[in-house]
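Okay, so here's just one chain, in structure tokens, the form predicted alone.
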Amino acid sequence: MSEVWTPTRAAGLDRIAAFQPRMGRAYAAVRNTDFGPGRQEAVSQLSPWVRRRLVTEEELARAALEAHGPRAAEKFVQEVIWRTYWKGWLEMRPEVWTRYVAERDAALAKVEANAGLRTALTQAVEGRTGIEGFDDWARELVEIGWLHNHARMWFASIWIFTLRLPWTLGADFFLRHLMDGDPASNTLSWRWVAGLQTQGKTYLATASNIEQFTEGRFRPSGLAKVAEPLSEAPIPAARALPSAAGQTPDGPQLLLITAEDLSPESLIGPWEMAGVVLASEPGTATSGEVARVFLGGAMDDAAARAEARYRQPVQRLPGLEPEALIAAAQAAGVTAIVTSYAPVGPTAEALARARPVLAAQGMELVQVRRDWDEAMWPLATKGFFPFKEKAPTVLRMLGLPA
């Protein structure tokens, strides 16, 4: 793991401090240019830390606003709250994630049955399509575990409209290899490129745009000239944001740390903990080597900070199987397990499966949501721009200089 990607909270805070002078107009001026590996100083590259909440969206927004004020920091803060918007949007429409998983699995089954599709998919993920830029980004993703946001858009567009591969398999490729791979922002961004997220609105990668924003490094030929939007059955209306506990149960609890929030001490710090467990991410969502190494280091860092904060060893669990959680709670002598709220995705699904099993044993599972999420997610009822218009009021309510 290179120094750029040191997976600790301390490294994330250092990177915020180092990039803070560029969070204003300098960021707005060149944020869309992909300068290539080792030359990405125009963007913060903080997304892997934010993904695991080694640092938080609120800390990034505060740093930008305090250094530059609302006007100059607007673009940087807007990119921060895009992630928050995606999280809130999916949280109120979980069926979109369920649909993605089902379509991805169906597409994988087709790949197994269709040699031509299997060959095309292999060439795409190995960077052997012959498409300039696209092949480079495919290799960069696997080797580095991160891509510039503009490159992600170009890649997804070429995948869907030029190569005509299933969008769900492209989203799966990203989710497995990105250090910042996130069920909400990854899935919904791919849907947006495909014309599913904003109905009828697609993103078409063009050779001239790629050439302009890669400083002439790439000018691919043979790209699709049109991007006809994909279609799907109507998605259900937004549901109310699920409730989350904000108060501690009586007596000591077992603290459960998951890969969704690796800084629980900043959320659940004052509560009395009789034990602490750290659970691995369920399934194989993060299976790329670089992403796995980053997550493993981040979890080691979370364990070290939790041991210092709660003054007791942290027990490692291989997943979120209810039997293991019950055993850990019984060993700690508690009937309440407290954890940071897990948004839609594999961890939330695993906790939902565990909850009734725990309840049958007289154990309560309490999820606590951060104030940032509690205030911002309910605003994601429509498109991003109505969300963005309301955000400054909420930021001021949270004590930020917006």
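Note that the coordinates shown come from a computational prediction; the quantities given were computed from them, not determined experimentally. Start at 1 with the first residue shown and count on from there.
Omitted here: the form predicted in complex with a small molecule. The next part is about that form.
Student: Among 98-106, 298-306, 317-325, 180-188, which stretch has residues whose heavy atoms lie within 4.5 Å of the small molecule in the predicted complex?
Tutor: Only one stretch qualifies here: 180-188.
Student: In the predicted complex, is there a heavy atom of the small molecule that lies within 4.5 Å of any heavy atom of residue 141, even though the partner is absent here?
Tutor: No, residue 141 is distant from the partner.
Student: State yes or no: in the predicted complex, is some non-hydrogen atom of residue 134 no more than 4.5 angstroms from a non-hydrogen atom of the small molecule?
Tutor: No, residue 134 stays farther than 4.5 Å from the small molecule in the predicted complex.
Student: So in the predicted complex, does residue 377 come within 4.5 Å of the small molecule, heavy atom to heavy atom?
Tutor: Although the small molecule is absent here, residue 377 would stay clear of it in the predicted complex, with no heavy atoms inside 4.5 Å.
Student: Under a 4.5 Å heavy atom criterion, is residue 114 part of the interface with the small molecule in the predicted complex?
Tutor: No, residue 114 is distant from the partner.
Student: Have a look at 26, 46, 357, 350 for me and say which one sits with a heavy atom within 4.5 Å of the small molecule in the predicted complex.
Tutor: The option sitting close enough to the partner is 46.
Student: Pick from 268, 332, 80, 259: which has a non-hydrogen atom within 4.5 Å of the small molecule in the predicted complex?
Tutor: Only one option qualifies, and that one is 80.
Student: Taking 54, 310 and 336 as a possible spot, do all three reach the small molecule in the predicted complex with a heavy atom inside 4.5 Å?
Tutor: No, the candidate spot makes no contact with the small molecule.
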